[in-house]
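Single chain ahead, written as structure tokens, the form predicted on its own.
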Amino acid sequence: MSLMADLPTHTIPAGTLKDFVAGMFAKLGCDAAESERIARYLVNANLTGHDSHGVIRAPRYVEDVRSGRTIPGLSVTVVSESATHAVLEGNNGFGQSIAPQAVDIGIAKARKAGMAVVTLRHAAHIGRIGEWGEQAARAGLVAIHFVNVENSLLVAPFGGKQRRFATNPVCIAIPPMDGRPMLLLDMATSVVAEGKVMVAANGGKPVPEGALIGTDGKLSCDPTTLYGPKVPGRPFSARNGDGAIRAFGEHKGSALAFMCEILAGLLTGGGTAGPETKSDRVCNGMLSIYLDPAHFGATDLVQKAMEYTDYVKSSPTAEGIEEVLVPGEPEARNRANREKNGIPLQVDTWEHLCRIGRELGVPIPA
């Protein structure tokens, strides 16, 4: 199940990696709780197999703090609210601090009123969106999230060759089933998330053929299409390249990405991926819908979901396929494997983390 099988890696125990990354952010001025939280959520992404949203992001986060684009120690601000909604301002605080606060507000409102809609704007990168779906689902709620990235043009629309969207994830989470992996859809609306291109550029698993498109309209899997030539010692930046990631599913994925821009970018009061502005600050917007099954008369939702899961998985498999999987199963299996055996990191990723650790005076794990 590893994303990086047969590629040169270092394997790091999850706890060791979390402590190392937390130490970096403590040196940058984050308090102990925020430093631990950032590291925990990044390492959680690696544990689930979503290396694109894991510790490979830490160097970019460090650069964002140093440049003033991300501000440690901030909390969400309530702009307006009612019993069933809240409009929240992220204040450019760490997404790993802002997003869980926003989810807590949505959970509290949905438990009282049966449902809630929460909009969040101007949060620094909020990481793996599945984390926030899981947080609400563990509280017994169905959660739906639409996300965009303001001022981050990365994805070409269907039929186009220039960037017009961000990677715009969609997430849906269902309350946990006893003894089963949580049903969790967490996907970008692009062929691959931008972080997976970063992983490939760092020597990890290549992106699929045709996942990228150059300004000449030719399809590519070369990360330099998006990032331009690698600059030693510097995080990858899509601002240095001219090509784009492609939307998944032809016109259907492109249409879904477009609507994420409207819902998570405009309805939240933030902004869309483009046109680009003079600011180099990149912010997440998130529209979240929280539903309490009990208020809808679906007290047996979890039991029915288990039965339907078994029915779907009972389908005879196509040639060359060992098993039918449902959303959330790959992540659960990756987590079990990596909690036991450690997290594989590409050599370039680990060396970059160590270089930043030395710069900040954080002891390098043996």
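In case it trips you up, residue 1 is the first one in the sequence shown, and so on. Everything numeric here is computed off the predicted structure, so don't read it as measured data.
Although it is not shown, the form predicted together with a small molecule is what the next lines describe.
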item	value
Heavy atom contact within 4.5 Å of the small molecule in the predicted bound form, the stretch among 302-310, 23-31, 47-55, 335-343	47-55
4.5 Å heavy atom contact with the small molecule in the predicted bound form for all of A193, N284 and G328	yes
Heavy atom of A244 within 4.5 Å of the small molecule in the predicted bound form	no
Contact of E134 with the small molecule in the predicted bound form (heavy atom, 4.5 Å)	no
Contact flag, D186 vs the small molecule in the predicted bound form, heavy atom cut 4.5 Å	yes
Partner contact for R164 in the predicted bound form: the small molecule, 4.5 angstroms, heavy atom	no
Listed residue that, although the small molecule is not shown, lies within 4.5 Å of it in the predicted bound form (heavy atoms), from G127, G93, P223, G253	G127
Listed residue that, although the small molecule is not shown, lies within 4.5 Å of it in the predicted bound form (heavy atoms), from G204, P169, G106, G265	P169
